[in-house]
Ligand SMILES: C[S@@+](CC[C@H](N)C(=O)[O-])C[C@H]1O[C@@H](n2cnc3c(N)ncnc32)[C@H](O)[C@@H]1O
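One chain comes next, on its own, written out as structure tokens in the form predicted on its own.
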Amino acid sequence: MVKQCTKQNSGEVVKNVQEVMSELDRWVAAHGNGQYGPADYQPLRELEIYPDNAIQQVRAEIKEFIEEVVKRGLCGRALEIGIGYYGSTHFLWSLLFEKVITVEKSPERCRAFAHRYSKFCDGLWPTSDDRSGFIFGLSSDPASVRKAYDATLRQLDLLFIDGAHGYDAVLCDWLLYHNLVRKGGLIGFHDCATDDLGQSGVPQFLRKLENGEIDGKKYSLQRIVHSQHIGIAFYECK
């Protein structure tokens, strides 16, 4: 049984996973090619560009992760690394959490998201109610780290790491931000199933995290994988 996590969002109360998915489906349908990431996604070959998916998430995977968030009653603060092409995960977290902060190196992507959000939400600017925040800069930049610590009050319910996918970048993001998550909160990693592709260091980092090779502790990870090369991994902070 999924526990309800009620909160205000643009004047509406989000009551359950089904309502969240319904709103996310509406957002996805209105952006890009109107589709989620395909479960049979294949890594790009040379000279290709990414398809114009409205969200880089497989629907079954993100729905299951939302269920994990909701059943724990997490609805306080969330921090994500990387906004993606359409800002769709920021929109999603705004349905679930009282405060959502995105660290993103491209101010242009954030501004484009703000215009899309305003159009979708009947003119509401995403930062007008102080429930969305944006930190412009690399996640490894000292100024970005300081702003994130100040904005989150070290009381995150969710940290979602989905920025640069090289091993060093994922390691850096985890080292810099994982201590912001409170006991009972979740730390999630996108693209956990990209192993042996030579394009992502996420699986390598997660293996080391599980084996205690990062900070001497062994972390118990859960994986949500309904695709060939995407997937979400997460653990609960103790």
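On a predicted model such as this, the values are computed, not experimentally measured, just so you know. Start at 1 and count along the sequence shown; that's the residue number.
Heads up, the form predicted in complex with the named molecule isn't pictured, but that's what we're talking about next.
- In the predicted complex, at least one heavy atom of residue 103 sits within 4.5 Å of a heavy atom of the named molecule.
- Using a 4.5 angstroms threshold between heavy atoms, residue 56 counts as touching the named molecule in the predicted complex.
- When the named molecule is considered in the predicted complex, residue 114 lies well away from it, no heavy atom lying within 4.5 Å.
- In the predicted complex, the named molecule sits within 4.5 Å of a heavy atom of residue 164.
- Residue heavy atoms within 4.5 Å of the named molecule in the predicted complex occur in exactly one stretch of 122 to 130, 84 to 92, 148 to 156, 68 to 76, and that stretch is 84 to 92.
- Heavy atoms closer than or equal to 4.5 Å to the named molecule in the predicted complex belong, across 127 to 141, to the residues 137, 138, 139, ordered by sequence position.
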